[in-house]
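Here's a solo chain for you in structure tokens, the form predicted on its own.
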Amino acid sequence: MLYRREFLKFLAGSPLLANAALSSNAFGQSALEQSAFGQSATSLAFSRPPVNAAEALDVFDMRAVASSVVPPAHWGYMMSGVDGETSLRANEEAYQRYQLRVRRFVDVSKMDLSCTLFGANYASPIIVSAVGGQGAYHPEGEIAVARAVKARNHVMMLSTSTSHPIEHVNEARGQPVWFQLYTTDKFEFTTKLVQRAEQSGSSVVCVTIDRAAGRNMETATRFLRVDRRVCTSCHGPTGSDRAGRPMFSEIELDTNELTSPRLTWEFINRLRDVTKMKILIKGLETREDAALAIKYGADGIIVSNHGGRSQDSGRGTLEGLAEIVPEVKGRIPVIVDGGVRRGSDVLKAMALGATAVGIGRPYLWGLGAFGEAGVNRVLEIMNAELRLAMGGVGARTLKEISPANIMRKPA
């Protein structure tokens, strides 16, 4: 238990606590909210975390449980950003700058959250975004997530760095997942990864381009230093053994680089030559790049900064969405991820023009806390919150969500 005490001591002074994600207590209360509740109310209402998935009332309940059971190094890797973590904070804070415009006397007795993406029908616009190595948070990892996604009929995007082979994940999902592609620094490896995904049935490849210059994960490194486990029980002697990951089982990987610093827009043309999958570009944040994505024939855009884990620009992805949507003009789907913690956040993003909205950390909290049941409950909670938010603004279907449903918070 020594490492746990040291971890908690470190956490008390961790820069993570400056983040919006962790500036609240384990149940998502800010210091102001804790003061407003008072000591007696707090002790009654927040005396313990949920003991099972069904007891969780929001995604922050899942975070509270997961933080106590996920090992420090893995928890720190999941929760941290890069550099000073301004992008990590900005992702969440951007949603707080918008308010819902409530409408009354609208018949909302029948609500429909369903959406269609690339010809497939889903129960919700909430996408379970790609996160690598989910076995770090629960032994069943992506398999547990896939079963929960199947039960709720959401899009699931699978990382190149998955802990389980794409074929097994597809089987658990009941249909092919979208494949998130790390290009590596050799196109021959890229080709093998993409063709394996396509042969497994995947029809969409999401090319991640936001880590070409590398990254500086200070906080994750600090958490690693207080984890007293033997790292080689999970990784190779020199760190994460990417060559041992399932998607690289048929590749003689002679590099540890998941991305290439040499990528240019011509990469899309090269990728077109080796796959028939729809190509989404994941990691765009500006109108100029959105215009180029359309010029080079991308089938969709994912506005993303890797959950605040690529470059510390200080901008939230919602801000990038607001400038990209007018440039795209509905010609291709625009998806956004980063900082989404409530169903109302999903509505705000869609009011700004998002076709669908990705989540990452919230479902990982559910996975770490209670496995498949935790992921299922996170999706249930966020869909319920989205339904309530839609009802409040008088939008009965996703198509009825519009810019008129939100407004900028007064300065």
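So that there is no doubt, residue numbering starts at 1 and follows the sequence shown. Just so it is clear, the model here is predicted, and its values are computed rather than measured.
Only in words, not in the display: the form predicted in complex with a small molecule, which the text now covers.
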Practice task
Find out whether any non-hydrogen atom of Pro362 is located within 4.5 angstroms of the small molecule in the predicted bound form, and reply yes or no.
Solution key: yes
Exercise for the section: Verify the contact flag for Trp178: yes if a non-hydrogen atom of it lies within 4.5 Å of a non-hydrogen atom of the small molecule in the predicted bound form, no if not. Expected result: no
Handout entry: Non-hydrogen atom contact Asp337 with the small molecule in the predicted bound form at 4.5 angstroms
Key = yes
Handout entry: is_contact(His306, the small molecule) in the predicted bound form, heavy atom dist at most 4.5 Å
Key = yes
Completion exercise
Only one of 287-295, 109-117, 266-274, 124-132 has residues with a heavy atom within 4.5 Å of the small molecule in the predicted bound form, and that stretch is 124-132
Problem - Of Ala94, Met78, Ala146, Ile281, the one that lies within 4.5 Å of the small molecule in the predicted bound form (heavy atoms) - result: Met78
Exercise for the section: Select from the listed residues Thr184, Thr208, Ser202, Gln311 the one whose heavy atoms reach within 4.5 Å of the small molecule in the predicted bound form. Expected result: Thr208
Problem - All of Tyr137, Ser159 and Arg341 within 4.5 Å of the small molecule in the predicted bound form, heavy atom check - result: yes
